[in-house]
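Presented below, as structure tokens, is a lone chain in the form predicted on its own.
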């Protein structure tokens, strides 16, 4: 089989994907950055206002509430997706039968449409008629915890975070499982001979060997949670009040509901910079650990 050596052919194959990436990613980012310095309602002339949108954003109480909500949302989603995903992946490595079936069943939520998931959890959280969650609480004698989960300011943020965490747990489980089963058994068989327990092998050998996968999954999970939008928007639209307002939902409302495209673009730029900063910090932390 011949090998393509000409650089022109490499460029020819790369060009379609590169053009698509520029149009789908870089151009929207550039437009958001440009509009963040404008006062524009979607129609008519754009007015250059310099850094006024950024000044307004950092004096906006709702922006700070959205930012704090996003951090709480991020913690819940990351703990669920990576923590539960890793736990299930470890348990799968000890299974000898039905492994493919279990992986498939846990992966199914990833391919279900967002609207269907939102409707499923809306029904589960409901009080009229009584949803599955409240029915379960009543059946075990915990009637005092029965509530309208999406309307209660104390439970709404957790209620919209849980579906997102649950949805992609299976995807991270599959990634971790693939990483764990790809390890060379001879690496930890010697430790077994020396009397190491399964827990010692897991935490001192297996998990350290898949640290690159941890960096990948943590980056995917964090940036995904920072951009979380669809399920919280469909379930509560940021309510009650601003209890479940995230940066992404606030950006959407400002840009497309209030027609403040300049201000909405400013929030979008903040989300982009926030995501880039998270990736940079993660790579810095992991690179320093490698040096040690």
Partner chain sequence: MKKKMISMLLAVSMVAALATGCGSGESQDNGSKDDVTTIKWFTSRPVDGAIDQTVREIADDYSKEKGGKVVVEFETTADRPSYLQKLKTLIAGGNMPDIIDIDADPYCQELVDAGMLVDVKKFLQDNDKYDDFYPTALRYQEFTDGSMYTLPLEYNVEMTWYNKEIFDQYGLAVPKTMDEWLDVCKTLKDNGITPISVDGVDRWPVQRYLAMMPFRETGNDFIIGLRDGKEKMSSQTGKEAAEFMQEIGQYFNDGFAATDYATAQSMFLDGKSAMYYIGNWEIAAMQDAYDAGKIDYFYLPTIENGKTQANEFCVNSGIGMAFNSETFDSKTKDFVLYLLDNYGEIYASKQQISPIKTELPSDVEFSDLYMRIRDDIENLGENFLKPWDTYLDADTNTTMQDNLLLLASGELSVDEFCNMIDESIAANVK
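Numbering follows the first chain given and starts at 1. Worth saying up front: this structure is predicted, and the values here are computed from it rather than measured. Here, rigid core means the biggest group of C-alpha atoms that superpose within 1.5 Å across both forms.
Keep in mind that the form predicted in complex with the partner chain is not shown, yet the notes after this line are about it.
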Inset, instruction - Go through 219-227, 42-50, 27-35, 66-74 and give me the stretch that gets within 4.5 Å of the partner chain in the predicted bound form, heavy atoms only. - result: 42-50
Inset, instruction - Using heavy atoms only and a 4.5 Å cut-off, decide whether all three of 15, 150 and 254 touch the partner chain in the predicted bound form. - result: yes
Inset, instruction - Only one of 127, 135, 114, 200 comes within 4.5 Å of the partner chain in the predicted bound form by heavy atoms, so just point that one out. - result: 127
Inset, instruction - Report whether the minimum heavy atom distance between residue 20 and the partner chain in the predicted bound form is within 4.5 Å. - result: no
Inset, instruction - Evaluate residue 265 for contact with the partner chain in the predicted bound form, applying a 4.5 angstroms cut-off between non-hydrogen atoms, and reply yes or no. - result: no
Legend entry - Partner proximity in the predicted bound form: residue 280 to the partner chain, non-hydrogen atom cutoff 4.5 Å: no
Inset, instruction - Answer with yes or no whether residue 260 is in contact with the partner chain in the predicted bound form, where contact means some heavy atom within 4.5 Å. - result: yes
Legend entry - the partner chain in the predicted bound form - contacting residues of 224-247, heavy atom within 4.5 Å: 236, 237, 239, 240, 241, 242, 245
Legend entry - Core-aligned C-alpha movement of residue 281 between the shown form and the other one reaching 2 Å: no
Legend entry - CA of residue 25, rigid core aligned, shift of 2 Å or more between the shown form and the other one: no
